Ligand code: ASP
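One chain comes next, on its own, written as structure tokens: the form predicted alone.
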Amino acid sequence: MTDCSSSEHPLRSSGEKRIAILSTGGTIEMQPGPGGLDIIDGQDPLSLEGDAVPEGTRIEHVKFCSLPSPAITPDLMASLCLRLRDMAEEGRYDGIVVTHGTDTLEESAFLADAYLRTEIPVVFTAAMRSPSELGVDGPRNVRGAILAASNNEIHKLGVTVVLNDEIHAAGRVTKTYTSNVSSFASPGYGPLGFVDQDRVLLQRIPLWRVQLPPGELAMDPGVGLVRIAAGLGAREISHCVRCGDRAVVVEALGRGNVPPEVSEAVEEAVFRRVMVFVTSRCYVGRVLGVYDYKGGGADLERRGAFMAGDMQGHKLRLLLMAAIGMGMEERHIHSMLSRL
């Protein structure tokens, strides 16, 4: 499943930072084909030249896989996390940069942040434009990520994401625009810092982080995700229950509210011993049992749902897949999420 081949940038002098670039595919590796952009077999997507390699760094390219990011599954994300753990524990590198497709980058980075406990920086980056497009952003993003991974303070921030000269926390960052180079942002919270030419300027630390317990990472596929809209959600939750899911993430409206019929589906799911976790489809703010009407957050809590702070639904799903896969009990999952 993974290709562990590597190519090392020539060593220039002693005392340089040793940075691994672990590539996984994505737009940063794509070239035009007959029908549009695609990954070309046999192409070296990260042939760094000139100013792309910051002074004082030695680069080693390790190819993990070469896939468009919609093809990166939760199991593959887990394998990536385990590979990052092993590389960090080797003691061979001063930092690791992961190049990744933008569509699922925030999920891979979040899972890595929740799982890893490394003493070296792990920085994800990507490109919104392919190498063949005008105004390509990949080389600059890779350079910024290398500079961040070379910084002695970055590992204290957990796994970070660097694009468009901004440094973001993996737990907060999200893709906000389909095609713009400034797509990646942390709405309501902002970046942790910036890359300014040859310097990393840190502005704040992330106080909000969630971490899985130590152990071998494994993913349980039985976690559903249902996004609520007007008149939508009850059928989808019932489908998750019928499929045998062990947990369902309900991405609710506003403060954590759903249409009345959805609350009945939630109660039925809990009755059938399916864990139900409520988050909001809003970018910012935690869910809370404030409203007492049928379908309000307080009503959902009475029916057995758990209010899961201000996590994004797709990231919470990954966290639950890992928590259940690693054998965490429901009460321990509740305790982990109650701190958010």
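In this text, residue numbers run from 1 along the sequence as written. This one's a predicted model, so the numbers in the text were calculated from it and none came from an experiment.
The same protein also has a form predicted together with the ligand, omitted here; what follows describes it.
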* Structure fact -> Only one of 310-318, 286-294, 271-279, 62-70 sits within 4.5 Å of the ligand in the predicted bound form by heavy atom distance, namely 62-70
* Is there a non-hydrogen atom of Ser150 within 4.5 angstroms of a non-hydrogen atom of the ligand in the predicted bound form? -> no
* Does any heavy atom of Thr57 come within 4.5 Å of a heavy atom of the ligand in the predicted bound form? -> no
* Asked: Would Pro74 show up as a contact with the ligand in the predicted bound form if we use heavy atoms at 4.5 Å?
  -> no
* Ser186: touches the ligand in the predicted bound form, heavy atom cutoff 4.5 angstroms -> no
* What is the one choice in Asp220, Glu264, Asp103, Asp94 with a heavy atom within 4.5 Å of the ligand in the predicted bound form? -> Asp103
* Hey, with the ligand in the predicted bound form, do Gly26, Met30 and Ala127 all fall inside the 4.5 Å heavy atom range? -> yes
